[in-house]
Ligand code: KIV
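Starting off, we have a lone chain in the form predicted on its own, written out as structure tokens.
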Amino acid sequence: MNTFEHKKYRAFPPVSMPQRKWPDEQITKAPLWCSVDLRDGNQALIEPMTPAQKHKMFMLLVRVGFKEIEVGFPAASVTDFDFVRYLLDNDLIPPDVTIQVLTPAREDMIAKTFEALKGARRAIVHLYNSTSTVQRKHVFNLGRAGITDLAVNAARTIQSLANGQPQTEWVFEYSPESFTGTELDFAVEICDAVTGVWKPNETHPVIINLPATVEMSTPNIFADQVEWFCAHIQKRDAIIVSVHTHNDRGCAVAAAELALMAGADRVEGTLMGNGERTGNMDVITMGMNMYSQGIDPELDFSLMDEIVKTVQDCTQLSVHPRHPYAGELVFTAFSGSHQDAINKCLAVREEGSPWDVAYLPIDPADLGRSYQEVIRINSQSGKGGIAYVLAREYGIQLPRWLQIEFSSKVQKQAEQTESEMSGEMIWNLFKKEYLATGFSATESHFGEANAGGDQYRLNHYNIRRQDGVDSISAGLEWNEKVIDLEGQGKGVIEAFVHALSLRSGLSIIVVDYNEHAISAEKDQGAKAEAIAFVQLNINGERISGVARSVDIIEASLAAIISGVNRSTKLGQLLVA
């Protein structure tokens, strides 16, 4: 029997709003933010936070910049009650931060809530009761009038207890829980009944929170619901419309963004989206989405690694490496074409100019990340990424022709090892493949030569210039023998290649040559300050050589020797 049966589900009905306005709106400023990490997020954990973890999380939320923080459900949990008292008794709540607590529409629990809040400077009391059709029918067995009576009576209790503690500045919040499963006219009706008790005005507004307790529709329908609600609620100027979206369909951030376009003023969510089932709305993602559009989210995520570590320590939940903005790999490119594009964009970008880098929606440095995390190498990587890593970590600027050649060797090793290639692994492979072994007569600092077989080394050289022609006398050391060379040309390189051609009888042509000073050096054991790259054509065989030295002429000659050592054509011809 096939248990995967779609016909038992019904499509969510659309909202009839032919004159909807939200599609033409644009988010231009940050909403009022409220973190529910310590309540909604905490109740969703396998192991709820300890008091120490709660304190650590609270301090992080303050540091990030939240001005409203829901700190618990004090009437339902001794731990939450004690934590509220801990914050108040130890004066840990900054003057510009307001704590929020949740309570159901029950008189005894409301009383316990106010007991927990005694002495608070300012506090938000968040009242809720379920209003959805399914809960009215199957959970409470009450009609609209009965559900409304519960909310109104609870609102009166809250007002009465608040009047008894006038030293606290009270803010009231009401949530018709499961708003998305509630008829819109009834959602408006019950909220009007509650605000009729609390009597808000523009100076002392009430928060009406519209929770997608379960995400049931596409984000555009939620936006329609919010816009319809805002258009029909009484005392709109005295109401802060808040949304609290969940992620059952994977669209909590999109739903909250569209809700702001539809008229919402405030957003509740958690860092990393931790919450019941698939989670709450992720404040980091939504805030950084705004940031990427040039809008100040009024929250500081610049120390993202510290935020991630604290959240993981407090929740005991790992953060996915591909989590938007926060994950370890979100700014990392393994693809060769992506790496090449990033490398080119970063190379030409001027400091202070608008951010416009391929494949990077924001500057990783804004989140405390370095560019070292942008390009990493595996079997899918290309020449641009490999060149970037060598330039970043070792100051080596590969010419394009060598990028193409060396990338195939890196890819081959990555495929063999079936793992990511670190910068050190790439550097060691580069040294083994290309760098000359050094000079026997001077203290030079080259990498290892091509593995296997006897290697030529430069023993000595002497350069003379007359009438614009350079003459070179050089000695190549091989197996404790010295091979003498003589040649001429326009420049040292041409003269040395001429000498090799005369000695071997082969056609040796310099196809390309590059050199540069080494700007950075991770290999602290080396003292080289210059590097030379040469591409030779030896009887039709293209071969590359590389060398580094404290002297650019030595590096150039050694690079040619590196190519000779790597050639399959020369063999023992120079010895003969």
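What you are looking at is a predicted structure, and each value in this text was computed from that prediction instead of being measured. We number the residues from 1 along the sequence you see.
Omitted from view is the form predicted together with the ligand, to which the following refers.
Residue 181 falls outside the set of residues with a heavy atom inside 4.5 Å of the ligand in the predicted complex. At a distance threshold of 4.5 angstroms between non-hydrogen atoms, residue 177 is in contact with the ligand in the predicted complex. Put simply, residue 200 is far from the ligand in the predicted complex: not one heavy atom of it is within 4.5 Å. Although the partner is absent here, residue 68 sits far enough away that none of its heavy atoms falls within 4.5 Å of the ligand in the predicted complex. For the residues 297, 211, 487, 273, the 4.5 Å heavy atom test against the ligand in the predicted complex is passed only by 211.
Residue in contact with the ligand in the predicted complex (any heavy atom within 4.5 Å), chosen from 84, 264, 252, 102: 102. In summary, the region of this chain contacting the ligand in the predicted complex, judged by heavy atoms within 4.5 Å and restricted to 544-552, 55-63, 35-43, 504-512, corresponds to 35-43. Applying a 4.5 Å heavy atom cutoff to the ligand in the predicted complex picks out 244, 246 from 236-254, in order along the sequence.
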